[in-house]
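One chain comes next, on its own, written out as structure tokens in the form predicted on its own.
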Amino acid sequence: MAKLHESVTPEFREWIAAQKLFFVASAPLGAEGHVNVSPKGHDCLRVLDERTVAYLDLTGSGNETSAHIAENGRITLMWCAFEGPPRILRLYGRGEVVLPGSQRWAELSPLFEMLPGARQIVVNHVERVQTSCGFAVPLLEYREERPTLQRFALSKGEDGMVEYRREKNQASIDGLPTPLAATFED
């Protein structure tokens, strides 16, 4: 029961803002590469307009989405209704990785609360908006955000986070370089 939509409508925008969790999917071009699906929490996503969404990406143990976007641009964001009427919303598009210090960062970063460990902003230039039923998605009750990732970033400090990114975020698990890698070149 998939249905295509012209854009991210005001109704979708409001619904997205109420969701506590979304997923990001990306993949390399090569058949031997790994498909990545990553859950995202915290108040880190903004709908910029009817064809553009962006999220503040926090430092993690990998940087797959960034590497895949650099290689081929493909990205999908997905939300599931875990409460209320069933719904799945997917935004298929072309990604853009925005690094701190760039002009684009200066434009977009004021839209976000800068959470500890922020490493980049990922933009999805939406090409396809699709809903489906979500009838099999379970009903779940939201309790709270996990503070673990932010505590980790705070415990490392900014210099420690730079070193962590240098060690863990320059390439995908398949060896594809990330845009962040260029910031470490001497």
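This one's a predicted model, so the numbers in the text were calculated from it and none came from an experiment. When you see a residue number, it is the position in the sequence shown, counting from 1.
One more form of this protein, predicted together with a small molecule, exists but is not displayed; see below.
Enquirer: Might V47 be said to contact the small molecule in the predicted complex, defining contact as any heavy atom within 4.5 Å?
Expert: Residue-level check for V47: no, no contact with the small molecule.
Enquirer: Consider S132 of the chain shown here, and say whether it contacts the small molecule in the predicted complex, taking contact as heavy atoms within 4.5 Å.
Expert: No, no contact at 4.5 Å.
Enquirer: I'd like to know whether R51 contacts the small molecule in the predicted complex, with contact meaning heavy atoms within 4.5 angstroms.
Expert: Output for R51 is no: heavy atoms all beyond 4.5 Å of the small molecule.
Enquirer: May I ask you to state whether A70 is within 4.5 Å of the small molecule in the predicted complex, using heavy atom distances?
Expert: It does not: once the small molecule is placed as it appears in the predicted complex, A70 has no heavy atom within 4.5 Å of it.
Enquirer: For a quick test of understanding: in the predicted complex, does each of D57, G60 and L149 have a heavy atom within 4.5 Å of the small molecule?
Expert: So, yes: the whole triplet contacts the small molecule.
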